[in-house]
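Below you'll find only one chain, the form predicted alone, shown as C-alpha cells.
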C-alpha cells in the first residue's frame, strides 16, 4: 500500500507542480475520512487538485459551482411526482457522489452553505421527512477565494469546524512555474489513472485507529489545545472536536509514512492544516500575519512531562 500511496503522490505531482507537501496533506485528509478546505486565489490549481484526488483513487466525482443564487435543492436533489406510480420519487442531486467539489463555496448564501452541514457530519441528507444515505467514502472538498475578493460570504465557524483540514496552495516556485510554461499544452487530469481502489481506501480508513498513540503523544495534543484555551493570543480556542481531528490527522499522516505509531513530528506536520482555520475568527489570513498554529507549536514543548 505504501508503494501505491507514493504512486498517487507522484501522479498528482505531474499536474500540480512543486506542491508535494500540500498534496500529501490532501491525501492525509482523505485517508483520515475528513473534509478538506482549500483557500487560495483563483488560478492556483484548486479544482485540478480536487479532480486529481478523485481520479487516482477511482472515486466518483462531481463539481458544484457555488453562486449567490444556488439553492439547497440544486445540491441535494428533489422529490418529483411520478404520475404512473402515483407517488413521489427522489432524484438525487450532485451531492450524491464520493468526491464532491464545492467550488467557491463562500460565494453561496449562508442558507445554501448550511445545507452541507448534515451531509458533512452525518453522511446523509434529509428531505421532505426522508433520510437518504450518501455514498461511501464521502469526501467534500470546499474551495474558496480570500474574503477580500468581491461577492464572498464568510463561512460560519460551525461550518469551518466541519472541515478536518484547510490548506493553501500558494504560488509555485520559479522552477515549477517554468516547467509548467514549457509544457506544450496545459496539463489536466486525463493522463492520470487510478492507483488505489475505493475498497482499499475504505480499508485504510477502517484501520486508522490501529495506529498507536502513546500517552505522551495524547498528552502533547492536550497541552496544545489547552494552551489555545488559556492564552489570550487566540481569537478562538480549539474545541474537543479539534482535539479528535488533530489525533485523527496525525494517525493518517503516520500511516501514509508507513508507520503504525505516532511521533511528535506527525502532530507538528498536520497542526497548521488542522488548527489554523479553527483558531482564527475569520479566514482573512495575510502573509504578514503571524501563523497562530506556529505560535502554538513554539509555546508547547512536546517533551514536557
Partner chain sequence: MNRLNPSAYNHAHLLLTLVLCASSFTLFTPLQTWILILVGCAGIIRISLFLNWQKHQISVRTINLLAILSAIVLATFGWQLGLLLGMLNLLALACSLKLMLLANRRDYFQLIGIQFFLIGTGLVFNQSILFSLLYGMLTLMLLLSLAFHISPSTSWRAQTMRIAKMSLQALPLCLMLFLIIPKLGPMWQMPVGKGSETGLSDKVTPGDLAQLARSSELAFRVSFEQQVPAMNQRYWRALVLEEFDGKTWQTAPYRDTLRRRYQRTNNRFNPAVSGPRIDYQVLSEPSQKPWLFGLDVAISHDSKIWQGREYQLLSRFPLQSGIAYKVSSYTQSPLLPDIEVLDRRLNLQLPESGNPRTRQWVKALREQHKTEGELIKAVSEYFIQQDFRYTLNPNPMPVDPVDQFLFEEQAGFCAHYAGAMTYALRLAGIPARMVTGYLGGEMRGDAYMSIYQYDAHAWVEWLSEDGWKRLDPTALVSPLRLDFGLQQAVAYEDSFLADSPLRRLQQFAWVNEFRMLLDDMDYLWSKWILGFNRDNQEDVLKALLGELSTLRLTIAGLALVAITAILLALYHYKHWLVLAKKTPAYYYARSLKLLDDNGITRPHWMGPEDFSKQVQQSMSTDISHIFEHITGCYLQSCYARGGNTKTQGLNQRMRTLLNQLKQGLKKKKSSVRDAQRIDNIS
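The shown structure was predicted, so the numbers you read here are calculated from the model rather than taken from an experiment. Numbering follows the first chain given and starts at 1.
Another form exists, predicted together with its partner chain; not displayed. Remarks below refer to it.
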{"item": "Region of this chain that lies against its partner chain in the predicted complex, out of 215-223, 75-83, 91-99, 195-203 [heavy atom, 4.5 Å]", "value": "215-223"}
{"item": "In the predicted complex, the residue from 180, 211, 160, 117 that sits within 4.5 Å of its partner chain by heavy atoms", "value": "211"}
{"item": "Residue contact check: residue 268 to its partner chain in the predicted complex, 4.5 Å heavy atom", "value": "yes"}
{"item": "Heavy atom of residue 299 within 4.5 Å of its partner chain in the predicted complex", "value": "yes"}
{"item": "Non-hydrogen atom contact residue 264 with its partner chain in the predicted complex at 4.5 angstroms", "value": "yes"}
{"item": "4.5 angstroms heavy atom contact with its partner chain in the predicted complex for residue 260", "value": "yes"}
